[in-house]
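Only one chain is included here, represented as structure tokens and corresponding to the form predicted on its own.
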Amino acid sequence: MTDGLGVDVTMRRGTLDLRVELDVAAGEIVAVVGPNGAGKSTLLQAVAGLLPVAAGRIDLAGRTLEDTTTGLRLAAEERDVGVVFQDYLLFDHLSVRENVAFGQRSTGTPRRTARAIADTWLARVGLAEHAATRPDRLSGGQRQRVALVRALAADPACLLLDEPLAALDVDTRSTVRRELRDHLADFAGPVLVVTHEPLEALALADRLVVVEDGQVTQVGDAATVARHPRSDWIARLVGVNLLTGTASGGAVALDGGGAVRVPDTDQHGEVFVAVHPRSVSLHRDEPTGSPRNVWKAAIEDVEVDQDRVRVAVGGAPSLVAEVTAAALADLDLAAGGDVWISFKAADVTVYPR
């Protein structure tokens, strides 16, 4: 068992076979990230006791919540788990105070005591003046805070958050994200956050668990995952180009054709090759000079986001380059056609598969 949260489960939901093993230490925030349909929310619902597992075990703070070998399965209300759902699921017929007091009241705490605890939590998140208000009168950010303190006020051993910022607009999200991180930092138990938003995961979590097609494909702190992504989805998550191939003598023969010169001549065998889009330069004429990786390719897509321009180019291999708005205009990239790609061997990261 563990003082934190230990999960080792197998489940089947529709056509998805979910197989996840993870541990979250007390006081640690772990984000489960992955594409839609990967099984993230299913995992969270299993820990919460809302879905049974087909095989495996879930432990929390020295207690076994579920163990299919013995037939043990505690009901959701017996698990001492606080959950913040994507849509918050607040009781709009109750006041904000009564929403936050709900967890304490459901365990037998007297009404007056539960309300006092609720008022303390509401004061901590700046909502004391809204205690008598109905949740449907609040803004999205305020509703998110109510949902969080409703979970925390019950004094759970573990906190689960399912896409906690998804219901917020862009302008509110960054502010609430900072507030949420501060509140989670004060929570002594394990925290499991499910999200498909890379910024949210990187901003909130101490560690990432990547789930794709029901399987854990990578585990590590944000910096490690960003430096060494191990799948195309993770590479897109952290914004790098990821290629695969076989390394030998300072070069990598790519699986899809072509080759890349790399700085590490000691690498041999099957490897990942990561190149940041900012390291990729585009030219209308063949470049000269120091770059050791140069080839001709066709522009496939141009995406403009304020002062950042991402240009997808096809070829062997296909890559994404990130250039300035000035380069977009100077090279007339929006017109399409062929360009020359270049990047230095020193800008390539290589690591074993």
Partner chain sequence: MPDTAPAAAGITSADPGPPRPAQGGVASSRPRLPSAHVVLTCLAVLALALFLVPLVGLVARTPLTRIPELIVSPAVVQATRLSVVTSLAALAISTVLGVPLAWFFARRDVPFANLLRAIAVLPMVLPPVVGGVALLLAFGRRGLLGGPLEQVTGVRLPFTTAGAVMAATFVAMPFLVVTVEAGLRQADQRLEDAASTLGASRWTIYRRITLPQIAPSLGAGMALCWARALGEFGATITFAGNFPGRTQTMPLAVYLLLESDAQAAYVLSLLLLAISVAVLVLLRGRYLSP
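Residue numbers count along the first chain shown, from 1. What you see is a predicted model, and the numbers here were worked out from it, not measured in a lab.
Only in words, not in the display: the form predicted in complex with the partner chain, which the text now covers.
The closest heavy atom approach of residue 103 to the partner chain in the model of the complex falls within 4.5 Å. When contacts are judged by a 4.5 Å heavy atom cut-off, residue 76 counts as touching the partner chain in the model of the complex.
Proximity of residue 107 to the partner chain in the model of the complex falls within the 4.5 Å heavy atom cutoff. Contact between residue 90 and the partner chain in the model of the complex is found at the 4.5 Å heavy atom cutoff. Annotated contact segment (heavy atom within 4.5 Å of the partner chain in the model of the complex): 143-151, selected among 208-216, 249-257, 143-151, 164-172.
Of the residues 223, 72, 128, 94, just one reaches the partner chain in the model of the complex with a heavy atom at 4.5 Å or closer; this is 94. The listed set 187, 233, 85, 272 contains one residue whose heavy atoms approach the partner chain in the model of the complex to within 4.5 Å, identified as 85. Annotation for 37-55: interface residues with the partner chain in the model of the complex are 48, 50 [heavy atom within 4.5 Å].
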